[in-house]
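Given next, in structure tokens, is a single chain: the form predicted on its own.
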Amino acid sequence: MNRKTAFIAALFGVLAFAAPAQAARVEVQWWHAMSGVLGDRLNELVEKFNASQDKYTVVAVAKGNYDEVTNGVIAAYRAKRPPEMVQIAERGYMTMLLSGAIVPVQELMDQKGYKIDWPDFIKPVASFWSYKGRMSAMPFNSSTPIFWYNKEHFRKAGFDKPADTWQELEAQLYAIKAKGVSECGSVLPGDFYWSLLENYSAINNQPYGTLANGFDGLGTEFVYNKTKVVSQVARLKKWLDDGVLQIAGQGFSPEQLFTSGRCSTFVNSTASHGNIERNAKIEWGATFLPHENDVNPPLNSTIGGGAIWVLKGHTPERYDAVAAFLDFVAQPETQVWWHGATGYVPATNKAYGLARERGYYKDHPTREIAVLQLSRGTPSENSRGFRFGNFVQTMLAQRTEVEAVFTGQKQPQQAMDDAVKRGNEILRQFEKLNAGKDTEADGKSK
């Protein structure tokens, strides 16, 4: 090697050594409760974000079901090792809001300079996830129950489609059974408390609790033992006794009894679209949930599913990553993709409009039902949603009492009286534990 060659080689060596290394991505964790196909779609969403830019990496971590995620994140926060983001179901809203562990998402996005069109979120979605008019968490997998039916069964019984009212629907289901079309007019959903009691109350403008179903304070009390819920429980019991309604046995899910063609109807989340489209061996359709014949017009249904909460205790750089990801989630294009990939509703009006403009509902008409049902009319105090503390525990108490009716151990009125009594005791425990915290819920990021 001559001197010139040696000099050039040495120069390039120095330059190579001196070249700055590529900045490492900022990594943040998102704990979630999705599994199976929905879990796959969530991972795909994260991959899309990670590939869209080169500054941040979101790591999605499945932590079990919603209850397991909630318990896990509480333990992690107490141990000072929380994830940056966590997906929590709607029943955990009050627990998260009053935990002292969260950074309100609208505050974070404002701080980081993102211009989210918050008023564009669909009314029941925005109303539920907001506190004092500002979004607490980013709506993510928003759902609502709809009414699924076997088209062939209804045609054979002489009906074009399910009736709009419970009274007319009952006559149809009894006719389907009497004509021998099906031995099972309907199958009881596993979450009947959500679809057939809570959403029943919202649609029929029935109060579930005082203080606007808990929206106006921790002093709320359940009152559904004084409403049409009692007659709804009695109706379901009558259907069970008459063999029109069935409960899925061990080893079978309600969805399987519907998709196999055994049961003619089924009430379940709009997020069931993926499974039903893949697994149904029948010609199926879907429509709005029924309402009582003396209720006109029916009101909106309420949301289920979850939202993405941001936790305290992280660096500004990590909050930059979180804000960038949440901005990505809120974009209409992302919302439309998520809607089509999962069956969950688009959370914003812009995303819904975009799906309509592209003709999506011409090919997938049943996926529009949930959006229309959620946005129907102006939400009342009875249909905004449910904001009760320890809502999982109060729901379990109610479920136990309803099951006592189904097994003949209690009459509907007594069961609902007992459910309300048990539920109100749980509410008072939550109120005592969180006294004064409702005025401190607007936490600040550190």
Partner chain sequence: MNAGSPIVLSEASAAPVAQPSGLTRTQHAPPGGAVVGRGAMPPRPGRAQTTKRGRPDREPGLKRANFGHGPGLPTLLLLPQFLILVFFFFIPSLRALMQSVLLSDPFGNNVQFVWFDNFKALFANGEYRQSIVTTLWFTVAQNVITLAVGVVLAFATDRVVRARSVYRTVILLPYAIAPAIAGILWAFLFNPVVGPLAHMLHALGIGWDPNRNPSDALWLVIMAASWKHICYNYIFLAVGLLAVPASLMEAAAVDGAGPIRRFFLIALPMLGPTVFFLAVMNFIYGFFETFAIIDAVTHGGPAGATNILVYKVYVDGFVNLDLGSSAAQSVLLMSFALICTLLQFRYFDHKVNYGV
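Positions refer to the first chain, counted from 1. Since the model is a prediction, treat every value here as computed from it, not as a measurement.
We do not show the form predicted together with its partner chain, though everything after this point is about it.
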Contact check for Leu240, Thr407 and Gln429 against its partner chain in the model of the complex, heavy atom at 4.5 Å = yes
task = Work out which of Ser52, Ser35, Thr378, Thr400 lies within 4.5 Å of its partner chain in the model of the complex, going by heavy atoms.
result = Thr400
task = Have a look at Leu372, Ala234, Ala280, Ile247 for me and say which one sits with a heavy atom within 4.5 Å of its partner chain in the model of the complex.
result = Ile247
task = Name the stretch, out of 115-123, 313-321, 68-76, 351-359, where some heavy atom lies within 4.5 Å of its partner chain in the model of the complex.
result = 68-76
message = Since only the chain is shown here, I'm wondering whether Arg134 would be in contact with its partner chain in the model of the complex (any heavy atom pair within 4.5 Å).
response = no
query = Is there a non-hydrogen atom of Met96 within 4.5 angstroms of a non-hydrogen atom of its partner chain in the model of the complex?
reply = yes
message = Check Lys177 for me: does it contact its partner chain in the model of the complex (non-hydrogen atoms, 4.5 angstroms)?
response = no
ask   = Is there any non-hydrogen atom of Val46 lying within 4.5 Å of its partner chain in the model of the complex?
value = no
request  = Let me know which residues along 384-402 have a heavy atom within 4.5 Å of its partner chain in the model of the complex, or say none if there are none.
outcome  = Val392, Gln393, Leu396, Arg399, Thr400
